[in-house]
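Below you'll find only one chain, the form predicted on its own, shown as structure tokens.
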Amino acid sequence: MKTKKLIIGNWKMYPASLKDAKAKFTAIKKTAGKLANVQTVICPPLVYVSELKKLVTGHRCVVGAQNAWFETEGAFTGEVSIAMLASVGAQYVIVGHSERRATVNGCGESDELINKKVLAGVKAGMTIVLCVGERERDPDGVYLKFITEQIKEALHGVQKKDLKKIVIAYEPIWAIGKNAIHPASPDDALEVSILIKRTLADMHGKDATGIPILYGGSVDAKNAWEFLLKSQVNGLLVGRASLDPKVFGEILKSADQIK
């Protein structure tokens, strides 16, 4: 049986209005709904999650979230719990994104905090999209150990029965955003994809073989095909390109055609 490609759109803090968000989601769903070989997930800003959920029809294009707090409820001003997201119909939640791990202009999230979010997420029945990735590539390969430790610490305590609720997204921080040193290549992604599979196998043996691995980092309509074809990944985590229904639609169609 062919495994569907998982394509996740991370809208970050865009767009500025609910009207625009609904229009973008509707346009994306029109394309995604026709693709039998792709599972599409849109992760909008939290305030739009429940409204976009109302537009979901079927299972090919669903809604997720970009972040959540690990406690179910309590005195945590400004936070939204994973349980709350699940209650309004979000099926996926991104955890440990580089922009939240960042200590400058970010939240400085630690591996310990991310682990708490992972455990809370699987307990709530959500699918967790765990982001990992290095800030720089050193010639001695220390970055490989860094990624391995990120995975081990984030998944500490996750039971084998819950592995089906885990997705790993690799995002090389040095290759994304306005400060990118240079774009990552499919070979870069392949190297880490293999590393992730080995790390998961060391942790959970054959039970971890079904965990999807995504690539995220400056993905667009031109390079999506190459990453999916050459990097041995199961899908993509798409940033700014997911805000353009036409461009994102091309990415989805490329994924649908890969055998």
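Note that this is a predicted model, so its numbers are computed, not measured. Quick note: we count residues from 1 along the sequence shown, nothing fancier.
Beyond the structure shown, there is the form predicted together with a small molecule, which is absent from this document and is the topic of what follows.
J.: Given a 4.5 Å cut-off on heavy atoms, tell me which of 155-163, 82-90, 136-144, 95-103 is the interface stretch with the small molecule in the predicted complex.
T.: It is the stretch 95-103.
J.: Check, residue by residue, if V38, R60 and G249 all come within 4.5 Å of the small molecule in the predicted complex, counting heavy atoms only.
T.: Result no, not one residue of the spot touches the small molecule.
J.: I need to confirm a contact call. Of N67, S218, S193, T31, which residue comes within 4.5 Å of the small molecule in the predicted complex, counting heavy atoms only?
T.: By the 4.5 Å criterion, the partner-contacting residue is S218.
J.: Does V167 reach the small molecule in the predicted complex if we count a contact as any heavy atom within 4.5 Å?
T.: Result no; V167 lies far from the small molecule in the predicted complex.
J.: Can you tell me whether P245 touches the small molecule? I mean in the predicted complex, with a 4.5 angstroms heavy atom cut-off.
T.: Flag for P245 set to no.
J.: With the partner left out here, check for me: in the predicted complex, does some heavy atom of G177 sit within 4.5 Å of the small molecule?
T.: It does: once the small molecule is placed as it appears in the predicted complex, G177 has a heavy atom within 4.5 Å of it.
J.: Test of understanding: in the predicted complex, would K22 fall inside 4.5 Å of the small molecule by heavy atoms?
T.: Result no; K22 lies far from the small molecule in the predicted complex.
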